[in-house]
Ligand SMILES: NC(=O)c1ccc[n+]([C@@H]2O[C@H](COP(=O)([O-])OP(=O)(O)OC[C@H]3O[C@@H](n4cnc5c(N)ncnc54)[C@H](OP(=O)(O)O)[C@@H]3O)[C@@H](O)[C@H]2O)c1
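In the form predicted on its own, a lone chain appears below as structure tokens.
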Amino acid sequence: MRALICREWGGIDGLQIGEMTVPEPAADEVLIRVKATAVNYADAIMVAGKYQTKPQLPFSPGLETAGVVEACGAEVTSFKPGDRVMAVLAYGGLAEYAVAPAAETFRIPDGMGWAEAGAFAIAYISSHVAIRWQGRLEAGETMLVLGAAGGVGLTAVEIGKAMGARIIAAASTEEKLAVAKEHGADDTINYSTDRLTEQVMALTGNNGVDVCFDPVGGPLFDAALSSLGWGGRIVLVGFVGGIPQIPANRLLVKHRAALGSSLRYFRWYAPDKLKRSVEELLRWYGEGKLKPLITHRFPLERSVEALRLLTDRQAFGKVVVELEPG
């Protein structure tokens, strides 16, 4: 099969299209004939050898995918060949075939195309578990979303609105803020020109926000932490801007909390909550409350270009590699 192959740790420019053996599903896995796979910033981190897990070389990156079940492992009873599915992967989505645990494979709802399905799992599920289970967002509360037009940030905007919260979207350009506004943001802040904390306090009557969804980290973290009101929760889901340090005394002020959220740990330790998250997300999709934004589509041969949009921070919404458009 054709695949984007990482043969040594390093930058994404070292990746090449080549031939690999079609993987065989384990007893609890399904083999998927890939139709579309979204790229994620974590793919570049994995290729550099700096991700939480390091696959055995050579391997194909790609943490999510959508396609048709080709074969099922001996213990799989929930799927059959021919089923349309999307899945969360350990790696391997940027190839013509990929294997996924059956427990992390989900049926594609009617009306969802391949590209939408290939871009749905990581961003929406990661945001939902972070906001629902870690951030404990409630209807009527206010949530600040950093990187609000990114692949994950934009899903947080939509999920927060579906949960009945007021959403303050923050991003680095007016173009990105306009996208966040189109997807439900109530207010916007351009943190490249305005002081984040001051603007949040002005928008909230000096009360601060209840939850901050932070996939950025870096220098913005300090201002975001200061933007929390009493009992506020900042949920860290990524560090594209750098890994911040948290002075513990800052958490005592206003009874604030800093929480981490990673989809991989819900997969391992809280599969019941993961299942409930997926059920709620697919219901919202069916109700028209979630509208995945795909801004770029590339063939497999141009996968490196797709990844470069993320590493250069030039993308908003999701970037998808299509093996079969539709």
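Everything numeric in this text was worked out from a predicted model, so none of it was measured. Start at 1 with the first residue shown and count on from there.
FYI, the form predicted together with this ligand isn't displayed, but the following is about it.
Item to check | this ligand: the contacting residue among 294, 270, 45, 300 in the predicted bound form [heavy atom, 4.5 Å] | outcome: The residue in contact is 45.
Checklist entry - If we take heavy atoms and a 4.5 Å cut-off, which stretch out of 210-218, 88-96, 109-117, 161-169 is in contact with this ligand in the predicted bound form? => result It is 210-218 that comes within 4.5 Å of the partner.
Checklist entry - Even though this ligand is not shown here, does residue 41 get within 4.5 Å of it in the predicted bound form, heavy atoms only? => result Looking in the predicted bound form, residue contacts with this ligand include residue 41, since a heavy atom lies within 4.5 Å.
Next on the checklist: With the partner left out here, check for me: in the predicted bound form, does some heavy atom of residue 102 sit within 4.5 Å of this ligand?
Outcome noted: It does not: once this ligand is placed as it appears in the predicted bound form, residue 102 has no heavy atom within 4.5 Å of it.
Checklist entry - Closest heavy atom of residue 239 to this ligand in the predicted bound form, within 4.5 Å or not? => result The answer is yes: residue 239 has a heavy atom within 4.5 Å of this ligand.
Next on the checklist: If we define contact as a non-hydrogen atom of the residue within 4.5 angstroms of the partner, is residue 310 a contact of this ligand in the predicted bound form?
Outcome noted: Flag for residue 310 set to yes.
Checklist entry - Considering only 257-271, what residues come within 4.5 Å of this ligand in the predicted bound form, judged by heavy atoms? => result If the 4.5 Å heavy-atom criterion is applied to this ligand in the predicted bound form, 257-271 yields 261, 262, 263.
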